[in-house]
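We begin with a single chain expressed as structure tokens, specifically the form predicted on its own.
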């Protein structure tokens, strides 16, 4: 691990230690918050008992599908829009204001269209994440130096070869940013949708625990999601840094 990684880890542990002291000393009521050690203990018990398996599989499956669709569709759409400047100018206002739209107002419509199953949750996760990928794809393609295209023409490279060997590697930093945002937004969309009407999933489990004043389970599940998403993004960040080092960036 690098020095910076150790510093980040130390900050996280320090924050947990402070929170532990605040709760154990009574400065924060246990009716409001439980100690981090209790969260870890409860989470371990839940994982060991297998109670979370069904909800975990459902949520991660929905997130994976939403993320895969958002990255694939977002990249293809971004590349297509970038190739048509007039379409780009027409869509720019919609892209910049997209996240002002309250997506959850469409949930009843999605339930009516797809029924009471996992598809509405996947759709919400996709809607949250796809534009982040589109915008970062556009930004990445915008930043490619024009000289790269000239070099590709000098070597008589076709469109596909130019895209795979020149454009995508050059736009990789922004594409990875779009990927990381898509992962985060997919989790947000799916889990938030599970709070509303889902019959299962981690969001439903947290909502059920909240409604029943089960703070131990609620905070344990919240901790699990935070750790899981952080671990995924750190892994993606590590892969991104290796790719950039190979490119000399």
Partner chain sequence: MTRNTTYALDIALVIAGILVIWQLLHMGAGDVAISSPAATALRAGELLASPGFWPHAAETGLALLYALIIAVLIGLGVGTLLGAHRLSGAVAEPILVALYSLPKITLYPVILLVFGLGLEAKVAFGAIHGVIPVTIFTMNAVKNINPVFLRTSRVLGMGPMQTATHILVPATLPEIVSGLRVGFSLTLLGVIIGELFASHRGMGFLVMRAIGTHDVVTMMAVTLILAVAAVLIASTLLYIDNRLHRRV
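Positions refer to the first chain, counted from 1. Just so it is clear, the model here is predicted, and its values are computed rather than measured.
Keep in mind the form predicted in complex with the partner chain is missing from the figure; the text below concerns it.
**Student:** Would you kindly say which of 38, 69, 184, 56 lies with a heavy atom within 4.5 Å of the partner chain in the predicted complex?
**Tutor:** Looking at the other structure, the residue within range turns out to be 184.
**Student:** Report the residue, out of 161, 91, 73, 119, that has at least one non-hydrogen atom within 4.5 angstroms of the partner chain in the predicted complex.
**Tutor:** Selected option: 91.
**Student:** Counting only non-hydrogen atoms, which stretch in 171-179, 111-119, 130-138, 74-82 is within 4.5 Å of the partner chain in the predicted complex?
**Tutor:** Result for this chain: 111-119.
**Student:** So in the predicted complex, is the partner chain close enough to residue 215 to count as touching (4.5 Å, heavy atoms)?
**Tutor:** Yes, residue 215 is a contact residue.
**Student:** Taking heavy atoms only, is residue 49 within 4.5 angstroms of the partner chain in the predicted complex?
**Tutor:** Answer no; every heavy atom of residue 49 is more than 4.5 Å from the partner chain in the predicted complex.
**Student:** Is it the case that residue 236, even though its partner is missing from this view, gets within 4.5 Å of the partner chain in the predicted complex, heavy atoms only?
**Tutor:** No, residue 236 stays farther than 4.5 Å from the partner chain in the predicted complex.
**Student:** Within a 4.5 Å heavy atom cut-off, is residue 144 in contact with the partner chain in the predicted complex?
**Tutor:** No.
**Student:** Are there residues in 203-227 with a heavy atom within 4.5 Å of the partner chain in the predicted complex, and which are they, in order?
**Tutor:** The stretch touches the partner through 206, 210, 215, 218, 219, 222, 225, 226.
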